Structures are given as structure tokens and as C-alpha cells.
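Next up: just one chain, as C-alpha cells, the form predicted on its own.
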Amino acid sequence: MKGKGAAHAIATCAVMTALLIAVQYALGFVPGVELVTVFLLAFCYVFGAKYGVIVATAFSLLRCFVWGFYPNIIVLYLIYFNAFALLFGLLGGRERPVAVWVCPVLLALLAAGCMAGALIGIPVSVLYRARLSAMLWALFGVLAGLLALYIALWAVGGRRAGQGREAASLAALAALCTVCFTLLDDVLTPLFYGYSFDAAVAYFYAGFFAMLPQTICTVLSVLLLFYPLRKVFAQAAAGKRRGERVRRRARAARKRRGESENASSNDGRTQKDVV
């Protein structure tokens, strides 16, 4: 029966890995749009860190058959997505939701960073400066709006408002993770290819054009899709738990039958020996 439980776990992780690869492939041609984050976040939140790490590792390795084997990308994905799975898997296993102060603090810091970047200016080519500034202001507007929504839901209270605060908190954490993904890439890729300092700095600033739209997409996708995906994954997890309960009851019944068949008689012999 343990083998059936392991087979179910392998099948669940395999289907989720295939889904992540399909989602990334389907949207890989749309700049700045990705749904891998929200799918993996909801899966880890429901199934836990163990399942999440298995899926994150399998996804990081198997996607290479579609997009090619690049060592720096493999290392980047293995580090980032495993850490991502651990974070949201452990958060999902907590009895209490994310602390109420985490979301506004994260949103305020991220929004302030975007506003500072837009006002001070980031040293990129003059051709891209206006575009980058517009993207920073757009991300600032999304984060500020999310912060206002969180404060409003905090003031209202109630079950629905609590769900909204949870989604907003996870969206803020997912946005921070998206920023960390780009920053990690800005460290690993120059080290791997031996960039000079000036080239590494240029690569760092160029990464903003990928990070900003992806961060906006992450915030909006988690807000809109987290609870529908969580409901779907929760139903699958409930089926898994029902199967485990059935297997435990069947195992206990077989154990009781075995004990009754081999119960000792008064003289020390088993009932089978007496017969």
C-alpha cells in the first residue's frame, strides 16, 4: 500500500511538472507574461514543501529539453524555484496566515523603490530611458493600488476580506520573489560567463526590462488566479487524503484479521495449530 501512495505522489508531481512546462511554453512568446509563478505558488501552498521541491526540481531540469541546456539557467532555476517551493510550501502548512504587517511593509518598500527609480533615473541608454521610466511608474501604480486594497480589506474585516488579505500578502511575496529572481540572475550569469565589471553593470540594468513587466504580471495573476487554483488543487489533495484513509483502514483491517487468525490458545499454540 505504501507503493500506491508513492505512485500517487509521483503521478501528482509529474502532472504538475508537465503543466508548468506547458504553461511556460504557451506563454513563452508573450513578452513579460508568465503564469508559472502563480501555478507553482498555489500548488506548493496546498500540497506542501515536499511536493513543491520535487516539482520545482523536475521542472528546472526537464524544461531544458524544450529551451536548451544552459548551465547558468539550470543553476538559476534550481536555486530559485526550490527556495520558492520551500517558502510557499511552509507558508501553506502554517495554521495562521501570513502576518498582517508583512504585506504592507513589502508593498511600501517595493513601491518606494519603483518611485525612486523613476524619479532619480536608472543609467540606461537614452533610447530606453523613457520606456523604463514608464514601466517603473506602472509598477508603482500597481503596487500602490494593491497596498490601498489591502488596507481597505484590513479595515472591513470578515471572511471574504481575510481571503483578500491573504491573496494580497501572497502577491506581495511573489512580487518580491520575482525581483529576487532577476537579481540572482544578475549575479550568476556574469560570474558564469566572466563578464567584466562594466558588462555586468550593463546586464544588471538591462534586466529591468524583463523584471518590471513580469513583476506586474505576477501581482495581477496571483490576485486573480490564486484562489481558483487553490480550490482545484485542494480538491485533488482531498482525493489524495481520502485514498490514504482508505488504505490505512484496509491495512488495519488486514492486520486485525491476521491477529484473529493467529491468536494464541491457552497452551501457547495458535488457533491454526489447534485446528
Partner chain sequence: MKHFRTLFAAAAAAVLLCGALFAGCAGGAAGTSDAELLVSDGTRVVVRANAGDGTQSLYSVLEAMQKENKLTFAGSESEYGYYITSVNGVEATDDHYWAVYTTLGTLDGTSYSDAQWGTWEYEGNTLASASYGVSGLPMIEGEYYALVWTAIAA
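Positions refer to the first chain, counted from 1. These figures come from a predicted structure and were not determined experimentally.
There is another form of the same protein, the form predicted together with its partner chain; it is not shown, and what comes next is about it.
- This chain is displayed alone, yet in the predicted bound form one of Val105, Leu119, Ala199, Val187 has a heavy atom within 4.5 Å of its partner chain; that residue is Ala199.
- The partner is absent here; in the predicted bound form, the one residue of Val179, Ile74, Ala138, Leu90 having a heavy atom within 4.5 Å of its partner chain is Ala138.
- Exactly one of the stretches 111 to 119, 81 to 89, 170 to 178, 138 to 146 approaches its partner chain in the predicted bound form with heavy atoms within 4.5 Å, and it is 138 to 146.
- Among heavy atoms of Ile151, none comes within 4.5 Å of its partner chain in the predicted bound form.
- With a 4.5 Å cutoff on heavy atoms, Val232 does not count as touching its partner chain in the predicted bound form; it lies far away.
- Using a 4.5 Å cutoff between non-hydrogen atoms, Ala58 does not count as a contact of its partner chain in the predicted bound form.
- Its partner chain is not drawn, but in the predicted bound form it has no heavy atom within 4.5 Å of Ala155.
- Contacts with its partner chain in the predicted bound form, taken as any heavy atom within 4.5 Å, map within 208 to 223 to Phe209, Ala210, Gln214, Ile216, Leu220, Leu223.
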